[in-house]
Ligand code: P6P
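Presented as structure tokens, the chain that follows is alone, the form predicted on its own.
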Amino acid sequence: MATKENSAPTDAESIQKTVNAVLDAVARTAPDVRSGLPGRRIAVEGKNPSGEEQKAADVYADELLCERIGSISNVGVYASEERASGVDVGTGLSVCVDPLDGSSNLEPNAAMGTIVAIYDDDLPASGRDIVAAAYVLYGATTTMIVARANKETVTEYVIHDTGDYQVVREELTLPEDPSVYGFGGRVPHWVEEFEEYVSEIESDPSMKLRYGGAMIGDVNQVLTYGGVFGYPTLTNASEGKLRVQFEGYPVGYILEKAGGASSDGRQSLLDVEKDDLHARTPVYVGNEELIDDLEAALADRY
């Protein structure tokens, strides 16, 4: 890893300079991650800290991002879904990364992504400590969605093969008329109240199912068309599957900045409090009225 000065951000301007450097590193790394996927579809020995099978591509993306983000001045800790604990890389902001969200989609060659959350606090941090969140989507094109604390809107960029990126949509907001939905977990493990909520969604002829096996791809459908995505509380996993530091907080932050809402079933995802780096939480994001209906449906459980 390249050497750097160990100086922590001291004001909003220096924090945003560091945020910009992290986003530049993520964009610059995205073409390398994408081009490195062929030949890395196989599983490697061992599992990640959440007990999930690791693909060679997971490890490859994690190592690239750790090297490049960890070399940025004013980044103090790099943490990843693929590592049991954060890597101390200096003094400053904490960066949490899901290097390759949806890596199980490698075999069917479906959408995947990279998720990044930048916190102005030690880890595990709170959702209210986020100063920026972003995700890269490896689809037909490579795009990056970014939300920042110093801006009230969300921006979409296209990332070129060179790692350069340019704005394609500014002030990105959820459409007022939602039209898509997608829910994770096995249906036999859904709780009764959630199953009833889903039945109401499915009874609306304007709503279409969109579920692709990579959370960030499904969230991007919601951001594009309006709707709701959820990985719910389950009868065999009350906290669901998704990690709050790496997935719940950043996705909730982005959707709320885009005029939508987020929830763990009773409160904003940004207000969820967990004391473990790899803690899980139910995740629901989408148009505000759909999330309000979801919380009302689950109210008796809480």
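A residue's number is simply how far along the shown sequence it sits, counting from 1. These numbers come from a predicted model, not from an experiment.
There is also a form predicted in complex with this ligand; it is not shown, and the following applies to it.
Trainee: Considering 229, 78, 119, 135, which brings a non-hydrogen atom within 4.5 Å of this ligand in the predicted bound form?
Mentor: Contact with this ligand in the predicted bound form is made by 229 alone.
Trainee: Ok, 93, 215, 154, 96: which has a heavy atom sitting within 4.5 Å of this ligand in the predicted bound form?
Mentor: None of the other options qualify; the answer is 215.
Trainee: What stretch, of 64-72, 234-242, 265-273, 31-39, brings heavy atoms to within 4.5 Å of this ligand in the predicted bound form?
Mentor: One stretch meets the cut-off, namely 234-242.
Trainee: Consider residue 225 of the chain shown here, and say whether it contacts this ligand in the predicted bound form, taking contact as heavy atoms within 4.5 Å.
Mentor: No - in the predicted bound form, heavy atoms of residue 225 and this ligand never come within 4.5 Å of each other.
Trainee: Does any part of residue 86 reach within 4.5 Å of this ligand in the predicted bound form? Heavy atoms only, please.
Mentor: Output for residue 86 is no: heavy atoms all beyond 4.5 Å of this ligand.
Trainee: Could you tell me if residue 127 has a non-hydrogen atom within 4.5 Å of this ligand in the predicted bound form?
Mentor: No, residue 127 sits far enough from this ligand in the predicted bound form that none of its heavy atoms falls within 4.5 Å.
Trainee: With heavy atoms only and a cut-off of 4.5 Å, decide whether residue 102 touches this ligand in the predicted bound form.
Mentor: Residue 102: yes, in contact with this ligand in the predicted bound form.
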